[in-house]
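We give structure tokens for two forms of one protein chain below, kept apart as structure 1 and structure 2.
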Structure 1
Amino acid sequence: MTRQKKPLRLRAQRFKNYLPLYLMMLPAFIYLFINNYLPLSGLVLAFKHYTVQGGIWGSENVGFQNFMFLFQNKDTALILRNTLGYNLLFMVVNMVLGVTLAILITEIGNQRLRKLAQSSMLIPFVVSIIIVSYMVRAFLDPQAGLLNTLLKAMGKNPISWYDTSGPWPYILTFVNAWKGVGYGCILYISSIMGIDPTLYEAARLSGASKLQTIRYITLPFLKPTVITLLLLNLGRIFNSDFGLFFQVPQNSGLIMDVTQTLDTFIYRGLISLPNIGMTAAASLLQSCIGFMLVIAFNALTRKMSRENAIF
């Protein structure tokens, strides 16, 4: 008895010592419970025919019917194509631009210009996507937009941009790059700054040209950062930037074939009640595939560079 009592009391003492620390963590975990864990129970909606009377848990069970509807929906293939296609396109474009601009910025001789260029890269990053969509409107407005003014000045017919699908893949890629390149660029710049300058000096002494030093020193050093960024983005390939695809095309119906992605589809389904089951099914699939991809690509990242992995 006495033998058992002692560790128990010790344990109680230990717990009492750490109690303030647990109390400190309590608010955050209560919050995570409400915001992150409780909603997981709502995932059952994917298997239910939701009615307002029935609520989340009381509605009729329908098994995999919602998933059947989702796969029979003629738009599903299109939505997947857009979500994956744009993500891949954005990844490549932003990577190439980010690396190029980072190298150019670090090569600028004038200190003040270099600092100015570096800090301007993030300005679009801090502006809300709604304001970006206003700016895009100033270029694309069918009557008063800058692009149509230019077209008219060149004697060409104006284009009704918000009703024409063709140019939108380019427009969205451009807007996404304009807003997002700075983020990667800052990362690449900090990697470049971490390269030992004596490497460059040695290369120059042995007669390497500027382009050769970039090709054989800078790029190989950037490779791990580039690859980790790509891997982490691949883990999120089923998630699209809701703001970009919802706000920038201004919810225009005629170009939906090139602007609808999983996230806009889920939002639009959510606000039209009859579709909530199918939307919940899409949402659940997105979460599960996203989870598996993050785990898989994180494992790859760990192999590449331990410190860049999420866990």
Structure 2
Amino acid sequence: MTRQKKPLRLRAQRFKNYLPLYLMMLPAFIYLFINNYLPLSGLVLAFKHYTVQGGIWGSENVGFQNFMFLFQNKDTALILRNTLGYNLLFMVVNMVLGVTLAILITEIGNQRLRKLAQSSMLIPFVVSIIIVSYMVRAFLDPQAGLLNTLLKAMGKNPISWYDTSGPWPYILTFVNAWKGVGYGCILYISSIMGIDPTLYEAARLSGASKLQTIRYITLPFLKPTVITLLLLNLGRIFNSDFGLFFQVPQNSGLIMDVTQTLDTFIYRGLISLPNIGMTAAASLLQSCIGFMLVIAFNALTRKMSRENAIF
């Protein structure tokens, strides 16, 4: 009996010691449960024809009929191409620019200037996409846009940017990089600052050049951070930035062949045919595919380099 009471007494004492931490964690846990886990019960809507009268549980079961909404459209191949293509392009461009800028910023000798550069990188990230869309409009407006004003000054014909689809893959890539590179750059900078400085000193004493130290010291230490960000991005590879593809092109129908993605397609479809079940089916499909890609990429990473795998 004494042996049994002692572990119970230790557990009670441990719980009492950590009680303040549990109380601090409670609001975040409640928020996480309400915002992330409680809505999971609504996944049944993906398999129902929702009506207000029937509610979530009383509506008619339709099986996988809601999922066919995504595949019966003639533009499905175009939509999937845009969604996957843009996400892969954004991942590569943002990773390369983020790593490059992080290395350049950490090489700044003046500490105040380095902190100013780090803070400046995050400003575009916190700017609303609505404001970004108006900024882009200021450059591309057919009548008074800056680019068309410059073209007229050079004696060239102005371009109707919102009616011409050719430049938009470059415009969207530039806007996404301008807005999103700063976040990844800060993460890369924190990883670089955590590298043991004696490694760089030993490399300099050995006669290594700056490019050699970056190649053989900095980049290998950045590998775990790069893999983590790639895993996070792969989990959302079938999702797209709705504001980027809907607000920035001003919902122009003439350039929809290069701006239509899965999220904008679902939104436009629900405007003409409001069906909550189709939205739930699309979200569930996006999440399942992203989850499988994360598992597969992590398994491949673990097979090639076990220490860099997340799980």
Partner chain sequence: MIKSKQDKRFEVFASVVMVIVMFIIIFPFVLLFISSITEEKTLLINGYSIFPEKLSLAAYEYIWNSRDVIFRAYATTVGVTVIGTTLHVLLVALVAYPLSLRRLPGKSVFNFLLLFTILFNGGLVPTYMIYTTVFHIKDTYFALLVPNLLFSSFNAIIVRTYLRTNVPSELYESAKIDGASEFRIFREIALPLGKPIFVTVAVFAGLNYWNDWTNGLYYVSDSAKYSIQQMLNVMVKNIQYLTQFGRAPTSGSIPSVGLRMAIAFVAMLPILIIYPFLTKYFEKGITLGSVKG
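Numbering for residues begins at 1 and runs along the sequence of structure 1. None of the values given here were measured: they were computed from a predicted structure. In this text, the rigid core denotes the largest set of C-alpha atoms whose superposition between the two forms falls within 1.5 Å.
The form predicted together with its partner chain is structure 1, not structure 2. In the core-superposed comparison between structures 1 and 2, the C-alpha atom of Gln72 has shifted by at least 2 angstroms. Remark: with the core as the superposition reference, the CA shift of Thr261 between structures 1 and 2 stays below 2 Å.
Comparing the forms between structures 1 and 2 on their rigid core, the Cα displacement of Phe242 stays under 2 Å.
Here Met292 exhibits a Cα shift of 3.1 Å between structures 1 and 2, evaluated on the superposed rigid core. Lined up on the core, Tyr18 has its CA atom moved by 13.7 Å between structures 1 and 2.
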